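One chain comes next, on its own, written out as structure tokens in the form predicted on its own.
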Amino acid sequence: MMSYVADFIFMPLIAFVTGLGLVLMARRVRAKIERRVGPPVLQPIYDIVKLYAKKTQISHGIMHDLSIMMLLGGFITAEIFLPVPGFDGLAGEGDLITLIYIMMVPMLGLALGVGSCANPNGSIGISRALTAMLAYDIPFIIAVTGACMAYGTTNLIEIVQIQQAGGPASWGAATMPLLAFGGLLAVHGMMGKEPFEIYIAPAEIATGPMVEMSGKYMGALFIMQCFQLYTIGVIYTTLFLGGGENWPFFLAKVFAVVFISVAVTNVYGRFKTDTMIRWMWKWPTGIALAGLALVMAN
């Protein structure tokens, strides 16, 4: 029991601290691409303190408040189902299917909260966000399904053990490269980076879902981004990069996954919604389906 309590405390805490580092890295990489200096090391913490210190302009009722709880609660719950070095949490009790369902809670919570605002910009933004989720979830689910079939289990602890038993040659990225590549493209869409950020579109719909968020609400969204980058990076690392036996190597792989995504954000323009769907259903889905076919053939 005490072990579970320690896991429930430290696993989300580690996720938050690491997420701050991932947000900082994303900003620094973008600054280098744009030939800027970039933010200082403590800037993510400054931003959170500043946002929570500001007076919240308005609350749109109980659902607006509950949506923030769903946003953060969904990701915090997801952390305790992700096995990391020294902590297994509830990964042995719930499997990958449970984790995927939990990952849908934050976006649905955001949709409910934005819907209570009655702001047309917010409504347009959240409709685009849900459409984007449909676009990238299909190739991601195909990649996850193929990985589970190859490993013969949906238990994340067992998946990590299978990969670590044979070394890097038995990692998912080496044994099923098409699934790993298709999943990586889907992960880029899940992070909401260019060219898949149409649901934010500041110059078009005034940041979309966040248009009515200020003060503590915006601060909660910033914290959610920290958890989001960490969670997506850990899921991919667990499925295709062997998980981690020690923290330095494990974190290096998580940062590498996120780095690949943020490093190309300035290379592409913003896709329109229909273009994003066609691209996601053509390339990541096609590559993942080819990888799934190879797994089934073997």
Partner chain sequence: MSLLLRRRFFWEEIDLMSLLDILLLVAALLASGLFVLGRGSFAGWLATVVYGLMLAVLAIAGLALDSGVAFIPSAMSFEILGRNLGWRLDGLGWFFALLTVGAAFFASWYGSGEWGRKQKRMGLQHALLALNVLAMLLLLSSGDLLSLFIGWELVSWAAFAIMTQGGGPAVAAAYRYMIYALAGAMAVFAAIMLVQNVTGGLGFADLQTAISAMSTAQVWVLFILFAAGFGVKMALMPFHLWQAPAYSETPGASSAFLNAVSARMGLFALILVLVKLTGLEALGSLAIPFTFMSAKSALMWVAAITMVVPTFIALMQTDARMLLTWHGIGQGGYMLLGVLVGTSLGTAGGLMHVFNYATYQAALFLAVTAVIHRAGTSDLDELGGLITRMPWTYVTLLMGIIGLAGLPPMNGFVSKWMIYKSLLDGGQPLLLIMAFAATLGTILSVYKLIHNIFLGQLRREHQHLKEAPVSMVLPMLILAGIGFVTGFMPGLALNITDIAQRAIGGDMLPHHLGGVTLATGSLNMLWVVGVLIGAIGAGALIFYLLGNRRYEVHQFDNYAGGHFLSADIRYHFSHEFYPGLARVIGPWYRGSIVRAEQGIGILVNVAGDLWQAVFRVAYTPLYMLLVVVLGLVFTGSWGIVP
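As the structure is a computational prediction, the values presented were derived from the model and not from experiment. Residue numbers count along the first chain shown, from 1.
Although not depicted, the form predicted together with its partner chain is the subject of the following passage.
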If the cut-off is 4.5 angstroms on heavy atoms, which of these, 90, 174, 162, 221, is the one near its partner chain in the predicted bound form? 90
Sole residue of 226, 126, 84, 191 within 4.5 Å of its partner chain in the predicted bound form, by heavy atom: 126
Every residue of 237, 242 and 260 near its partner chain in the predicted bound form, heavy atom within 4.5 Å: no
Any of the heavy atoms of residue 24 lying within 4.5 Å of its partner chain in the predicted bound form? no
Residue 199: touches its partner chain in the predicted bound form, heavy atom cutoff 4.5 angstroms: no
In the predicted bound form, residue 28 touching its partner chain (heavy atom, 4.5 Å): no
Using a 4.5 angstroms cut-off on non-hydrogen atoms, would residue 282 count as touching its partner chain in the predicted bound form? no
Though the partner is not shown here, which residues of 135-150 have a heavy atom within 4.5 Å of its partner chain in the predicted bound form? 137, 138, 141, 142, 145, 148, 149
